[in-house]
Each structure stands twice: as structure tokens, then as C-alpha cells.
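Here's a solo chain for you in C-alpha cells, the form predicted alone.
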Amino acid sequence: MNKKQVYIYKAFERFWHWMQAILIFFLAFTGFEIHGSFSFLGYSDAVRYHNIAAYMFMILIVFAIFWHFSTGEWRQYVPTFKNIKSQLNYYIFGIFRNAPHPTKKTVLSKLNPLQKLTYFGLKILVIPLSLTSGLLYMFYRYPTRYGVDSINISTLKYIAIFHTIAAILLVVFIITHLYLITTGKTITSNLRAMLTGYEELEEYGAEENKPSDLARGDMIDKKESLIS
């Protein structure tokens, strides 16, 4: 089947991706210094820069949410369990045997089932946990200043634990993501696509007006159910 270069990752999508990566790396770096894992910037500067990066991360998230919902790109992250077993087998065994990829990437379906499930968990659970615990960590004293005693937090112990767990999960995701970057058609093809926006896709998958493989399957199932 013929292949062609397709503009699959839009400008804001690439900007959001790289800014998010930079901020997560920086937040992890300063956060683990605050945690006492090492000393580089000094505790006071690490706290200050960590807080600045956290605000930048929240602003980026607001813009990303607006972009995803205004463009409809949020649909890319709706999880599905179809083909997830074959995708998992591919990453564990098939990729080392040069097996064909079990799912086809298209403009309408950029993520495979395992990626959808992972990103969904990241956006719905891990990042909200990190942000919520981080904000509570920064402002836990503020409610009592204004007389709202009912939401007073007496200890940071559990907040710190949840924030650290979220940070570790983010670091694990980044490390896994760095490995998966190398699993494209070539070691650098996925990285190049996120830099330029263009990726080599099968010509059928490049047409935005054609349904994805999963969408076609759903249409066939619906037709068969109507006939029966």
C-alpha cells in the first residue's frame, strides 16, 4: 500500500507536547530536590522555581483543555479495550520479532488502544492528583487566615505522600514514553513527527474523511445488528 507524508500533529499540539514535557521534567527535578533527594539549586530557590513552573503548567493545561474541546481532539483519548491485548503483546514480544503493528495510525485515530488508556489515566487521575495535592501543599495555611476553619488541614503528611506518588507516576510515564518514542518505523521517526508535524502514513489512513479501522468495525457491527 502506498505511503505519504501526512500533517498529523498540529502546531499547538506540538507546542503543548514539548512545553508539557519540559515543565514535567523541571517540576520533577526541583520537586525531588525539595524532597531532599539531592542539592543543586538550594532549597529556597528550588521551592520558588517549582512553584513558578507549577503555575506555568496550570496555565498550559487551561489552554490545552480549551484547544482539545474546541477542535474535538479530546476524542483521541477516549479509551477502548478493542485490540488492547494484541497491542500489549506487540510491545512485549512482537516488537522484538519485527512483527507488524496491530493497529494503524490515522489522522482521526493517532493513538493505539494502550496509549489511549494510558493517556486517559494520566489526564483524569495522575495530573489532577499532582495539581490538587500541589495546590493544597502550597496553600494549606491560607483558609484559616480568613476564618474558614472547617477546611483547615492539620498536617501535610498525606498530602505530601499523594503528591510524591503522583510525581513518581509522572516520572515512570516519561521514562516509558521515551522508550516508546523509539518504537516507530525507525528509532527517530516518532520524534521527527512531533518536531515537524508530519508522519509517514498509509495513503488510506491519511484521508481525514475516511473512518478509522475501529470506526469501520463499529459501523459493520451496527449494520449486522440491524439486519439480524
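Keep in mind that this is a model prediction, so the values were computed, not measured. We number the residues from 1 along the sequence you see.
Heads up, the form predicted in complex with protoporphyrin IX containing FE (HEM) isn't pictured, but that's what we're talking about next.
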Looking in the predicted complex, is protoporphyrin IX containing FE (HEM) within 4.5 Å of a heavy atom from each of M58, L131 and T164? yes
Find out whether any non-hydrogen atom of N51 is located within 4.5 angstroms of protoporphyrin IX containing FE (HEM) in the predicted complex, and reply yes or no. yes
At 4.5 Å between heavy atoms, is F173 in contact with protoporphyrin IX containing FE (HEM) in the predicted complex? no
In the predicted complex, does F38 come within 4.5 Å of protoporphyrin IX containing FE (HEM), counting heavy atoms only? no
Is W67 close enough to touch protoporphyrin IX containing FE (HEM) in the predicted complex, meaning at least one heavy atom pair within 4.5 Å? no
Among 123-131, 81-89, 94-102, 67-75, mark the stretch whose residues have heavy atoms within 4.5 Å of protoporphyrin IX containing FE (HEM) in the predicted complex. 123-131
Though protoporphyrin IX containing FE (HEM) is not shown, can you say which of M194, I34, I181, L201 has a heavy atom within 4.5 Å of it in the predicted complex? I34
Residue by residue through 18-47, which ones have a non-hydrogen atom no more than 4.5 angstroms from protoporphyrin IX containing FE (HEM) in the predicted complex? I24, L27, A28, G31, F32, I34, H35, Y43, V47
